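Take a look at this single chain, the form predicted alone, given in structure tokens.
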Amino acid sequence: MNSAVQTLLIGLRTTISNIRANKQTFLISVMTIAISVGILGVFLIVFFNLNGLLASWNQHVQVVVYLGDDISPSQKSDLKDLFKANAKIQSTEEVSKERAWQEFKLQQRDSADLDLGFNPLPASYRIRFNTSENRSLHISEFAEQIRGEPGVESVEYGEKWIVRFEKFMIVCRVFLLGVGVLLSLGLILIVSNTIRLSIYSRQDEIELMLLIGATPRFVKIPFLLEGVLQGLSGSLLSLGLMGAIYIYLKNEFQPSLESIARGMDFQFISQPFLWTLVGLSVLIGFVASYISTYQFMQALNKR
């Protein structure tokens, strides 16, 4: 048998022995990892769904060009030429003053009598843009261009709430990054202390192994494997926790989500990010155990 494989198998048996000897400490560390990664995962679920909601809204945004009452036929014709010249525009719909008023009255049919004796609403064009990666940018550029045209009273496409929501998503990204870094540092400290307890419980045995010729790498392997197992076990438990929370959130918020953005489903974390969370947990366990074993070996060398 290959010596590297044999060393790994011996290290694995020793790791299992260490875990059995320190069950309670190992389980506490695993549960801490599971809860911490689960919290990060829940934030990711919320973030992905907010991001999906923003994308859905962006795809349904239409530009409404309100026309002045004194617009001339030639000005209308110039506007239509501008619409046709823009290859990013999907469709253009003209809405007369009369139609706008009728639609408004239908929306407000439960309100009191709306017979004002005159029509206060302007005629308009409703413009939809093709789906593209920079759709929001194309819309804002077009809106700025068309605002200065003769006969145009105003242009609306909900830019204020879109900008605010995009700023909110930037804050969410920074918040997620900050939470991820803080949780990772906290978990490294927790796992590192757990491994340190395991090391000191076998201190005499380790010193004896080193005296009879065991290499530092041979001594480190069981503790490195223990840290990796803590990270892996914690991440797998966190996936179950995230799944349960996802099902609860979906049952609670799916109807509301459909009313806000039709056709959008409450989403779970995408597979690449799930693997990233698992990999992060394993890496945290490895780094924490490496720190503990390195510090222990340094302390022994100073004696």
Partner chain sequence: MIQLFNVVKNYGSGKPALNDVSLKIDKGEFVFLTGPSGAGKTTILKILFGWERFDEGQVLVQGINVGKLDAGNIHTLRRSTGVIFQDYKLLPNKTVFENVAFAQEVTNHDRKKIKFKTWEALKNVGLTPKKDSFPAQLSGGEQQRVAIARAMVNTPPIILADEPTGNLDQEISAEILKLFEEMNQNGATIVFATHSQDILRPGKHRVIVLNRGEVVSS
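Remember, predicted model here, so these are calculated numbers, not experimental data. Residue numbers count along the first chain shown, from 1.
Heads up, the form predicted together with its partner chain isn't pictured, but that's what we're talking about next.
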Check your understanding: If we take heavy atoms and a 4.5 Å cut-off, which stretch out of 229-237, 180-188, 211-219, 95-103 is in contact with its partner chain in the model of the complex?
Key -> 211-219
Exercise for review: Determine whether any heavy atom of Glu149 comes within 4.5 Å of a heavy atom of its partner chain in the model of the complex, and answer yes or no.
Suggested key: no
Review point. Heavy atom to heavy atom, is Ile10 within 4.5 Å of its partner chain in the model of the complex?
Key: yes
Review point. Glu205: heavy atom within 4.5 Å of its partner chain in the model of the complex?
Key: yes
